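One chain is shown next in structure tokens, namely the form predicted alone.
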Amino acid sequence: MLHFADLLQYSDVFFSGLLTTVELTVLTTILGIAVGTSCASIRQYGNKTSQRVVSIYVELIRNTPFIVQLFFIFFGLPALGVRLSPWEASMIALTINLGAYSTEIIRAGLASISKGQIEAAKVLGLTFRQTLTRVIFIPAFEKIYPALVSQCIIVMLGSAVISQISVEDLTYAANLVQSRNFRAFESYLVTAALYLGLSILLRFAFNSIGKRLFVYREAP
């Protein structure tokens, strides 16, 4: 029989793990999209050398497992004298990972903007920076926003592996609880439900943000 009541005494453990997961998700989403936007701009408009550097970064991250990237940062970098806490290593690994995947998503959006719009901006006397922010970025992000949101949620779900380096996230909480009460089925079922709920809430939050960002499109 299932005994979910046995988990009630560990509700603070689950809540603490959930907060850690949310905190890392919010921070790495902001940083990862910033990295992705910068790298996408370089790949689309930069010189050949900078484009090649960004391309190497993107291909390296996209073609290696996230857990290997995480272990390299946490266990490998100390050999070079760089020691990071589990939380810091996880934050960096998640940011780098999201940055690489979002680079290609955002670059697709930038590439979808017609040259005619860019030429029109030049005719109006806008600088390249003004053209990027006012003519290119907003329409580009509107087109790729659903894909970008999905990628952010995928990274959040993939963050479950950071428990392997003792980050006290939601998965770490589940492992801890089931090791104490041996209710593995109940512990992981509750954890799965919390991840599902968090995914739904994140998508709702992203959609609300998107409506505010692109509200000008709905104006008559």
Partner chain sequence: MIEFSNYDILRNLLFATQWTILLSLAAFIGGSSVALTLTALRLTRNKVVHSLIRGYVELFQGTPLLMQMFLCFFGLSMLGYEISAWGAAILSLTFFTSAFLVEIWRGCIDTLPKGQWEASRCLGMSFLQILRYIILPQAIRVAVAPTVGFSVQVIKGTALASVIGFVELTKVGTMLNNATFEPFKVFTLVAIIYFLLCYPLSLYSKVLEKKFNGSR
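Positions refer to the first chain, counted from 1. Not measured: the values here are computed from a predicted model.
A second form of this protein, the form predicted in complex with its partner chain, is not displayed here; the remarks below concern that form.
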Is its partner chain close enough to L80, S163 and T171 in the predicted complex that each of the three has a heavy atom within 4.5 Å of it?
yes
4.5 angstroms heavy atom contact with its partner chain in the predicted complex for Y188
yes
Is F71 one of the residues lying within 4.5 Å of its partner chain in the predicted complex, judged by heavy atom distances?
yes
Applying a 4.5 Å heavy atom distance criterion, does P146 contact its partner chain in the predicted complex?
no
4.5 angstroms heavy atom contact with its partner chain in the predicted complex for L60
yes
Among 138-146, 71-79, 117-125, 87-95, which stretch sits within 4.5 Å of its partner chain in the predicted complex, heavy atoms only?
71-79
Pick from A34, V53, L157, L176: which has a non-hydrogen atom within 4.5 Å of its partner chain in the predicted complex?
L157
